[in-house]
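The chain below stands alone and is given in structure tokens; this is the form predicted alone.
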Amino acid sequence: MQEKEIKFVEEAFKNYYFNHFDLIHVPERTSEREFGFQKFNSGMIRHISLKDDKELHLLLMQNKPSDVYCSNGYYSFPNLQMSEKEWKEADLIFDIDAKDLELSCRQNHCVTKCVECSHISKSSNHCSKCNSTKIEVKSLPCKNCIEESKKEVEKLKNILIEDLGVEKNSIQIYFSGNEGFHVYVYNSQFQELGSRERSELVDYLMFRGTIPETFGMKKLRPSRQLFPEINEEGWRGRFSKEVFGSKSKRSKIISELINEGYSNFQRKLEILSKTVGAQIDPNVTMDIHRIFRLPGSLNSKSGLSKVKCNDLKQFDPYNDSSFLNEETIELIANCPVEFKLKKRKFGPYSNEKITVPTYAAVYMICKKLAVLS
């Protein structure tokens, strides 16, 4: 991003933080958390300790950050280096991102920008102008991306509540501000788990590490009685509901599974991980020292806000998280994909001069698909 675009976006972000500070969630036990921020075209500044809303507000107005972060971990000394912080515990946080779901729609709304010549096209693996393979992929997620991500959020939420005993009111869901959702679990029995234990928890949630014997299948002489019943809990119950569907079909399908053999059963389990398990980013949940985008703050990849989803089903991120102003600005836009913000359609644009509201201008500039005219 060039200097004039940085100044424009920084000013838009500053206005947001001035006018919408009430949307920014200052987490509980603020003084025990580590904060951090980034500026455009700059590195991360972290190991910051804040006491209250006023100090956070001052940080936002003085620095005009591109991104603001807060730790899931609680420390005795959050402003010190990692080895000296004295970790106490950490909230559980899960990241569900549309780009990890392998959706077929992505080919329709992903564009590439060549690192060598800056040419923008819809080619998937090389520059259509100079043939370079040094490309950046820019995604403008569609409604299907969001709906499929929501399904994964619901699946995760159900496993947490039904299998792991997490209280429903301990779970909070946020739109990340770009391509997915963050699911927070506060004040649970998992607060003091370290990285290794969280890795095991992730395996359970993702239906990873399953073996055929867990579900009744043996290499030699498999027994029908060992296969799970429809009403069982945990992995076995989820398997039976997905594979058998109903009690009446169970016997017939068990016969088919036994006839197909152990190896085919093993492959079926690998496929089932996508439907039975929650598609989360495992590294995010395992990291007890990570700093996450602060709820209410803006995402520099889109100019959209990370907002809480009180009604996930009705939530529309391209309306409900777009808070930048309507003031118009002239751009040179090269955005070959149509997108929608605040119930208005924009694009496609082919290297043309346009006049659009600030919120749409920032969105395209953040995606590196437009510059100021």
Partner chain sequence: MITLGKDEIAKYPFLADAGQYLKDKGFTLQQFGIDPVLKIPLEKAFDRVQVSADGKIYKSDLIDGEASDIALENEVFSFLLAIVLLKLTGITTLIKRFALAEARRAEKYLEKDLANITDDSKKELAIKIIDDLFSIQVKKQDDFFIIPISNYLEHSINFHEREWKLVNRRVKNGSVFLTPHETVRLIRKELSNYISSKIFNAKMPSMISGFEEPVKKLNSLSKKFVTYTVTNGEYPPCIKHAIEILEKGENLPHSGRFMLATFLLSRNQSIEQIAPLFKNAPDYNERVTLYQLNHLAGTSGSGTQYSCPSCEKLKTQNLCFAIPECNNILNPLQFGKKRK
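Numbering follows the first chain given and starts at 1. Just so it is clear, the structure is predicted and the values come from calculations on it, not from any experiment.
FYI, the form predicted in complex with its partner chain isn't displayed, but the following is about it.
Although the partner is absent from this view, residue 229 stays clear of its partner chain in the predicted complex, with no non-hydrogen atom inside 4.5 angstroms. By the criterion of a heavy atom within 4.5 Å, residue 161 is counted among the residues contacting its partner chain in the predicted complex. For residue 208, a non-hydrogen atom is located within 4.5 Å of its partner chain in the predicted complex, even though that partner is not displayed.
Proximity of residue 197 to its partner chain in the predicted complex: non-hydrogen atoms within 4.5 Å are present. Interface residue among 104, 225, 251, 283, judged by heavy atoms within 4.5 Å of its partner chain in the predicted complex: 283. Checked against its partner chain in the predicted complex, the candidates 83, 255, 263, 131 yield a single residue with a heavy atom inside 4.5 Å, and that residue is 83.
Checking 90-98, 162-170, 69-77, 298-306 against its partner chain in the predicted complex, the stretch whose residues place heavy atoms within 4.5 Å of it is 162-170. Proximity to its partner chain in the predicted complex holds for all of 203, 214 and 233, with the criterion being a heavy atom within 4.5 Å.
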